[in-house]
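A lone chain, given as structure tokens: the form predicted alone.
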């Protein structure tokens, strides 16, 4: 049997977030990094996730990469498709959630689908179409100052209407509470009324399970990783998979450990502060990198003797004021690329020196690191924190990786990752 589920994720850490959910549900899952350029052995694989770095690129390029990924997944034989984006709906008025969704719908001849970023386990819920992070509206959180995708609106219908050509509907919590049969009727009513995408309220995992059952016959689903919680049981009921209790078992990887962070989220800043209390840490600044051509080499030279004694942290994470200063001085694109290139170079040099365990915080940083290391595929393992699993590379040399979205994880995440990673 070919894999049942084919997924396209708009960033690398978000892809491992989704993979974590599927593995917990018993699906044997692999993650491919970038649009695949070759065939992979998919024997005994239930779900394939293609991780793109398409969240903040031009919509036209995001669509192109997503359609190429879809073509590969269809050729691999997957039957249901999932477009995964962040649980904080990271996007701009131009996209890329809406444009990619509509392009995938057109290619698959899908007339109606849903959009649901809810992930209650991490505090992301949707009520009356509004996205909450904990007890706060999305627009009242630090995400309103995100350097690339500032989220100043919490109404998901409003956000998606600006990004799409079709009509955006809403399925409220009382309709979700009514159960899968009632949800299917709601889907039909919206479709007949000319809506092409519906935001679906979700406050608890129970709602996600109900939605999952109601989505069994959907060809395309879009959302955060939370909505995937109900999908494995659908496949089991249909006799398409045998859910595996050992889906997360990975072989251990030994070797020095390096932590790299480019995320500027508050969660990551707290994790850096906690880890730095007892471990060596080195801060990079894009302005310093621009002025000092040896800045990256100095970071590497700092790490090389220390990493033999224990894990070290190199980070470019900074407060919003520091980020604004760097962007004002260098321009947002240049500041970001300087950090990404630096993190990629550091990872490549230190892995060549023998590092075999890597923790990476931030989607853009993760993309830069796996690109520099030419990592093409990952096997997904045990959960470290909600939304973040341990992984290992499928190709040699074996490298254990934890790719963490900036907003995820408790303050001792880095310490936990070192204990749980394979």
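Numbering follows the first chain given and starts at 1. If you're wondering where the values come from, they're calculated on a predicted model, not measured in any experiment.
As for the form predicted in complex with a small molecule, it is not shown, yet the points below apply to it.
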Next item on the list: Could you check which residue among 147, 311, 344, 180 gets a heavy atom within 4.5 Å of the small molecule in the model of the complex?
Entry: 147
Notebook entry, point to check: Among 286, 256, 169, 98, which has at least one heavy atom within 4.5 Å of the small molecule in the model of the complex?
Noted result: 286
Note to self: Just to confirm the contact call: exactly one of 247-255, 108-116, 317-325, 130-138 touches the small molecule in the model of the complex at a 4.5 Å heavy atom cutoff, so which is it?
What the structure shows: 317-325
Check: Just to confirm, residue 365 within 4.5 Å of the small molecule in the model of the complex by heavy atoms?
Finding: yes
Margin query: Within 4.5 Å, heavy atoms only: does residue 406 come near the small molecule in the model of the complex?
Written below: yes
Notebook entry, point to check: Hey, in the model of the complex, does residue 201 get a heavy atom within 4.5 angstroms of the small molecule?
Noted result: no
Note to self: I'd like to check something about residue 163: if you look in the model of the complex, is any of its heavy atoms closer than or equal to 4.5 Å to a heavy atom of the small molecule?
What the structure shows: no
